[in-house]
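Only one chain comes next, encoded as structure tokens, the form predicted on its own.
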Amino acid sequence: MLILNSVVNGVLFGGVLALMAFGMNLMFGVVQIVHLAYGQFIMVGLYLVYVLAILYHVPLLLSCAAATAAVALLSILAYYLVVKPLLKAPPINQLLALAGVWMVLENACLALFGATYKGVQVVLPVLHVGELYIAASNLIGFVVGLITLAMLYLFLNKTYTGVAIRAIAQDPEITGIMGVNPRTVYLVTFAVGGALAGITAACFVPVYSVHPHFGGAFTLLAFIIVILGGMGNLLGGFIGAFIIGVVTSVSSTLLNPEIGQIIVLLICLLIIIIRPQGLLGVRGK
């Protein structure tokens, strides 16, 4: 029953991880840029919820909605100021620039909020069915994650802009010849990716307190999920998130959280060595 509880809660947590990794994977699939500051955008979202809900007493749901919108706008700003000027630059230049965004956001939060943990206290029950115990925070995050991903699926498959995003990801040159403006698609992609980071932050509110170095671990975790599923492969990232969620939960329960993180990193290394294209990725020629 202990293992079963860990697996169930790991699957629920995997829904939130899928949402988190989807944003990074979408940006890579379309813009071909690894967003090294993605976890820091989630961190900013958590800080915004804290400021609105605790300091200004805005209702929690409204605070989460406002934070999501603000992170989407921050992502658009990052596109205009950092990404757009470097679209044709070497990948190392893009990585270094986004690493600079990482450092700017971390130090800005450190200067504004200090090094202490900040959080919104949300008391949620633990649900139980027989001997199966489910954290309500994980269940809420799972439901919100699946609903968001379902809406994103409809957007990518049923709207002109969504189809254009998918087309750019598959063949940017042919899509450009057909009249689609890649720069507009890139902008929309960053806005959607930022919104996903904001929603992920909202799902993290009942689970985590935030501090200035909070984002780094989740940038790494999102990157591991993307590698596991296949860079740019959205379905692969979705599956990889649930694998990582279950592995993290079970190993943390049977051993300890630190060992769980080591196991996740070892899985990442093995995938890079044995199948570098990921579970569902296609090996480059």
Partner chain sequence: MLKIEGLHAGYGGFEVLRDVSIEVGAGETVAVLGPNGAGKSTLLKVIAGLLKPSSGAIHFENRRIDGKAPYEIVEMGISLVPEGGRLFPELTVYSNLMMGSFNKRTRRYFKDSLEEVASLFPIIKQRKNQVAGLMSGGERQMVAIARALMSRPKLLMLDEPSSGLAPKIVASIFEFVKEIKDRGYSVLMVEQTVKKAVNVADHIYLLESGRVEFHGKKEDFLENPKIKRSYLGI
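As the structure is a prediction and not an experimental result, all values here were calculated from the model. Residue numbers count along the first chain shown, from 1.
One more form of this protein exists, namely the form predicted in complex with the partner chain; it is left out here, but the text below deals with it.
The closest heavy atom approach of V83 to the partner chain in the model of the complex falls outside 4.5 Å. The partner chain is not shown here, but in the model of the complex it comes within 4.5 Å of a heavy atom of T175. Contact between V192 and the partner chain in the model of the complex is not found at the 4.5 Å heavy atom cutoff.
The partner chain is not drawn, but in the model of the complex it has no heavy atom within 4.5 Å of H211. Site annotation in the model of the complex: the residue of I134, A167, V120, V188 reaching within 4.5 Å of the partner chain with a heavy atom is A167. Only one listed stretch (178-186, 136-144, 202-210, 121-129) carries heavy atoms within 4.5 Å of the partner chain in the model of the complex, and that stretch is 178-186.
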